[in-house]
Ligand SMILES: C[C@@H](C(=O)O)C(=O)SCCNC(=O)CCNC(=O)[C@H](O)C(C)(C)COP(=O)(O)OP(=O)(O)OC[C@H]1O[C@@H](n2cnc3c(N)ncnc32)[C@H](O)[C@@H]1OP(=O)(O)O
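First comes one chain, alone, set out as structure tokens in the form predicted on its own.
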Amino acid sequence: MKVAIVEYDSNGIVWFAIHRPEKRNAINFEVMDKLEETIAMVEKNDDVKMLVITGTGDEAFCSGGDLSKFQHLHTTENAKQMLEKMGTILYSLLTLSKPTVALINGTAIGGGCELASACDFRYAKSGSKIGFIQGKLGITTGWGGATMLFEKLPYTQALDILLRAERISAEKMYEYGWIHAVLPGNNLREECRELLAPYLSQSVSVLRAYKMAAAEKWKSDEFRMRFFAEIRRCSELWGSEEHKRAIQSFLNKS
């Protein structure tokens, strides 16, 4: 069964859709592998101008890591391996030399917000809920999300979002500056295409040059150190009793 659907259209967009609607498009290792493969393809293919990441269905963009798959990662080292795998993928997405978009078609929770934060633009369907809720699970962002958030938003706004660990409306996240456009959602892909039309009129070489100029600051040793230090801190919290209880409670509700 496909865990992701990858489509290329004549406009130069690669559409990557997480296809696990029964799990609210949660990320497992198979999704990670497919995303890694797609990012590498977009990087190398000179016919591709942009990458758009979304979810299938109209309920969820991505509900983060699949806790039903990751609950067995009890030790710091086991958790660290999983977190670093996805963190490395998101770092490659952040520094990709083509513009990227998170097309948020529904709820984005936990790691789903980290995935979206790695993209250059975030467009959301009206009424979508966004939640950096990791704190309520006894952990912190574990895929580099906080480090990216502090880069892309003013300090107090980023800290407020992380410390609240609440679900926030797309409209409020637009006010924060994390969402760049709130869309009606009648035909989300077409609405997205309209917003991207001016960018897609540029050549690949122009798009690549500007994105490389933007991403240069994130390729520094100092930024990489902060990014992966965040992941190590999360892995240390992963095996805590607080996190174990929170996961069990979540799975019982599910």
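Residue indices: 1-based, along the sequence shown. From a predicted model like this one, the values you see are computed outputs, not experimental measurements.
Omitted here: the form predicted together with the ligand. The next part is about that form.
Proximity of D58 to the ligand in the model of the complex: non-hydrogen atoms within 4.5 Å are absent; the residue sits far from the partner. In the model of the complex, G110 approaches the ligand with a heavy atom inside 4.5 Å. Although the partner is absent here, D9 is not a contact residue: none of its heavy atoms lies within 4.5 angstroms of the ligand in the model of the complex. When the ligand is considered in the model of the complex, T54 lies well away from it, no heavy atom lying within 4.5 Å. The stretch from 133 to 141, 93 to 101, 169 to 177, 148 to 156 that comes within 4.5 Å of the ligand in the model of the complex, counting heavy atoms only, is 133 to 141.
Of the listed positions (M41, V204, L195, L67), a single one reaches within 4.5 angstroms of the ligand by any non-hydrogen atom in the model of the complex, namely L67. Scanning 1 to 39 for heavy atoms within 4.5 Å of the ligand in the model of the complex gives E22, K23, R24, A26 in sequence order.
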